[in-house]
Ligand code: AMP
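Shown below, as structure tokens, is a lone chain in the form predicted alone; questions about how it binds or moves come after it.
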């Protein structure tokens, strides 16, 4: 397949706002692909070269791309910079300048999907002396063979700013539609994706043989999408929903998935990032576990031996540092509290009821530094409340109630798990929201260049983000400086394509950072789009910053559906 067909489809998708239209356009594209091309196209749509857990970063900054456009087009570097300042999109700049090249290539050859992808992959692997020049040279070669439209999307892909507004659910729908004309295969394709977190791998397998998807198997070292919990407000509601159930303490640390095969151990974060090197003490403990092959899930918390208490989430976050790991390991020793199992000695455990999965965990745990999560079977609200209060006395987040008969719902939010947290009480409610923009500092904040955030939640039905609050309080001076430096790198001239908004910030940013926001209650407002009806959406009243959630990805944020439920109690 020629890359020009992909660029044409992307251009059409960019002009659409409806998910159904986008799905149909993608489906038509997938109909034409080979298995290899389907894999590559799926990664490109995600703006990735490989699944996130492999940690492959394209590594092209704006300066590299500006230089490549300058060399390929023949226009002065200053002209490229000037056009970028005007357009705010280097993709548009590349398309414009390369359509009117001052120097023409002597020989050109059509670009294929595979050749563009492979060139980008080589760019990502370039390292050492001369690597910067090599990256620019390869991008120039692509530009020399690209049409102006192809140049637009090559540029955006290189920068990690494809801006199609297409989420993973739309890709999964499109794969199904491409084969049978409707979404009837979506559930089995989604299950496969949730069991490996690799959309390219799934797309390739599906194109090779759709029957493979129905019998998709878990693999060690391919992390599973974490199950998500619903929320209820009281012990009475939990018992009414689940009846007799298991209640576990909810630990406020790193949610990790541990993979072991023989002597190899890998640890993945909730965001599916490989974090093995950050936890040498955990790796050592896992190596001594009896199973030869196992995947289990747990929460890692730093523990204060002297005070006999768990460190806070913020203190535990010190373990994410890249340097001084040995010192951090000594100062913040980690305990892992295992709460679920995905795979054991060749057996897929995700389809087993929770009660059986717990027994399998208990068959080889606890071990040194790896404990079982505190769990008790309960039948009445008073027992739930007792465990909840005990968790709070231990300075933990709260509790998690689990359906004894439910399978592990990878990547889905269901009432198989129900969380009850202190923040759900009257003293403070919180949501996890995605930063989509920020404001200049005024008055005393002028020196920080930062005055607040525009945040959004995720609508699972439309696969779009919807604004819910402008947050201007709760920031320390240190946090204001951090936000300004952090968000400056991801600033955009235009709003994210998968965002519905009315209120506009001073600067738009890519939706990649998640923050926890406290509020007093939820109201209806014409200035926000969360669950918008009759011109008004849900909005947080008196929102204030609590903390950055480095452990969460944008699609792990609070959902519109959750906000609608929370509004009933506010």
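These numbers were taken from a predicted model, which means no experiment stands behind them. Numbering follows the first chain given and starts at 1.
Heads up, the form predicted together with this ligand isn't pictured, but that's what we're talking about next.
Asker: Counting only heavy atoms and a 4.5 Å cut-off, does this ligand in the predicted bound form sit next to every one of 450, 470 and 544?
Answerer: Not a single listed residue reaches this ligand in the predicted bound form, so no.
Asker: I'd like to know if residue 311 sits close to this ligand in the predicted bound form, meaning any non-hydrogen atom pair within 4.5 angstroms.
Answerer: Residue 311: no contact with this ligand in the predicted bound form.
Asker: Closest heavy atom of residue 255 to this ligand in the predicted bound form, within 4.5 Å or not?
Answerer: So residue 255 counts as contacting this ligand.
Asker: Any of the heavy atoms of residue 561 lying within 4.5 Å of this ligand in the predicted bound form?
Answerer: Although this ligand is absent here, residue 561 would stay clear of it in the predicted bound form, with no heavy atoms inside 4.5 Å.
Asker: Using a 4.5 Å heavy atom cut-off, state whether residue 19 contacts this ligand in the predicted bound form.
Answerer: Answer no; every heavy atom of residue 19 is more than 4.5 Å from this ligand in the predicted bound form.
Asker: Taking 4.5 angstroms as the heavy atom distance cut-off, pick the stretch from 138-146, 400-408, 72-80, 155-163 that is near this ligand in the predicted bound form.
Answerer: Selected range: 400-408.
Asker: Counting any non-hydrogen atom inside 4.5 Å, which residue from 250, 259, 357, 207 sits next to this ligand in the predicted bound form?
Answerer: If I apply the 4.5 Å criterion carefully, the residue I get is 250.
Asker: Quick one: of 193, 268, 388, 339, which gets a non-hydrogen atom within 4.5 angstroms of this ligand in the predicted bound form?
Answerer: Answer to the contact question: 339.
Asker: At 4.5 Å, heavy atom to heavy atom, what parts of 372-399 sit next to this ligand in the predicted bound form? List them in sequence order, or say none.
Answerer: Sequence-ordered list has one entry, 373.
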